[in-house]
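Below sits a lone chain in structure tokens, taken as the form predicted alone.
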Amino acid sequence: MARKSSHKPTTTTNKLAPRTLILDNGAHTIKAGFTSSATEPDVNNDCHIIANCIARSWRDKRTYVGSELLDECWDFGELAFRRPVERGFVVNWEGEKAVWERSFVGQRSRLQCDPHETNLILTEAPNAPAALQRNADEMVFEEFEFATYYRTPSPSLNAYTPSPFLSPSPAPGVPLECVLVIDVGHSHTTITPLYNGRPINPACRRLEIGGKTLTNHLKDLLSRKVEVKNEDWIVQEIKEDVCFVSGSSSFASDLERVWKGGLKDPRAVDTSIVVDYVLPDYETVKRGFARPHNPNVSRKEQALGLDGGPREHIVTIGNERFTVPELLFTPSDIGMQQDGLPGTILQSLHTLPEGLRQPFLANVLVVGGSSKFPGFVERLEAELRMLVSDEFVVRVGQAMDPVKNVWLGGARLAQDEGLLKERVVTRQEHLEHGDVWTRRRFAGKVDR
């Protein structure tokens, strides 16, 4: 897979490159940006969101690779996606290479760099297969020729970020002692106990529901009202804009509130839950938006502009707002034979010694884009509280920026130059010792 290089490695074991690129290689988006030991990382300005996909538009007949999608595409209707990451793992390195080249090496890239003068911190899914780890190491050192490189499970970097429970925060490079990371990602949800920044691998658990599953389920539900089978991007925006998590005791009552009565039941739907969503047409409406439901307006007349207002395509969304995120707590709703998120967390905790269960229950950190639903943290904490003994303290907190928190942890780790030197492998070491030694080094099984 990797090409032979004639470039002579110049970095020694005692020297770091001047800049460090932190690359949180997610299934849906890449969170990437540069940092150095001399500057404080700024999530808003230093971390960039890059679509981790190759997208083909059937409207303008153009293919968008990586960062081009968000920078150059203006019409997100009828996009066909090809994603290099499936089920949390990179399975198509040719596609991933194209995304990286356009995003970090291309002439128009905002993150253009010289890999020979750059350190790389790259994330991976917990418990990744050795074959996929070897492919990543070969791509980094033999294809892109980065100077130094550190590959780590993405949940581990959350231990280096400010804790929602502690004040003041630990110094850069100092990990939190105990933290239970709940990462609700695009492909799946992972539960990872971290002890001093290291994952306890036997206790890691995975729930096969993430943002992709929720989007597909919402698409199936909305397709009964409007044709959105080929509108993955639009349905995802609808999910992000209007979905929320019901309380553990209010789900049934929320269903009642959106149920429209019949001839013998004259009740109306609760407009505090039911909303009208205006779909984008990418001419006058660039992004869809929600507004209060108006049952007196004809959808056909609005679509044709016969009501005196602008032409608008509207879909009414009721119980879909909260039944879709409910899958995270009750996967059996779509026939999955798995415990919900609270039950999966308990499975993880029960593999730990009893003395460690309380510290982890008191430091549950929620990250990931699919954790941003209103009510998610409150529901998770309430259900965990019901499942454990009253003698345990249960605290669930969300990172300030759940999407970029892993990147921030990598940036704070890179601020400690001594720690970064200890963790990285140089290209020279990789070429001298081979890929097996590199994997064992990242696993902490061999020293220099």
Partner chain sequence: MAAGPLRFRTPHIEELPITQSRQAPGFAWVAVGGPPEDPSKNWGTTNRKRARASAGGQTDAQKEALSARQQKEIERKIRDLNNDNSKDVQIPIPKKEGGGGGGAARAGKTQNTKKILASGKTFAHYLDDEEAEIARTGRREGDVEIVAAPVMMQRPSKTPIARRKATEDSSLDSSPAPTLPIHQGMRPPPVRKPSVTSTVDAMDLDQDEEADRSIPSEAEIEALLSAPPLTYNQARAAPPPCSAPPPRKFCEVCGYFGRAKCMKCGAMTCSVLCKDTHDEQRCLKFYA
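Positions refer to the first chain, counted from 1. A quick note: this is a predicted structure, and the numbers were derived from the prediction, not measured.
As for the form predicted in complex with its partner chain, it is not shown, yet the points below apply to it.
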- prompt: If you check Gly375, Gly95, Pro164, Pro280 against its partner chain in the predicted complex, which one has a heavy atom within 4.5 Å?
  reply: Gly95
- request: Taking 4.5 Å between heavy atoms as the contact cutoff, choose which of Gly247, Pro292, Pro202, Pro295 touches its partner chain in the predicted complex.
  value: Pro202
statement: TL;DR on 216 to 224, 237 to 245, 364 to 372, 281 to 289: the one with heavy atoms within 4.5 Å of its partner chain in the predicted complex is 216 to 224
task: Consider Arg321 of the chain shown here, and say whether it contacts its partner chain in the predicted complex, taking contact as heavy atoms within 4.5 Å.
output: no
- request: Give a yes or no for Tyr195: in the predicted complex, does one of its heavy atoms lie within 4.5 Å of a heavy atom belonging to its partner chain?
  value: yes
query: Going by a heavy atom distance of 4.5 Å, is Asp232 a contact of its partner chain in the predicted complex?
result: yes
task: Evaluate Leu420 for contact with its partner chain in the predicted complex, applying a 4.5 angstroms cut-off between non-hydrogen atoms, and reply yes or no.
output: no
query: What residues in 320 to 335 sit within 4.5 Å of its partner chain in the predicted complex, counting heavy atoms only?
result: Glu326, Thr330, Ser332, Asp333, Ile334, Gly335
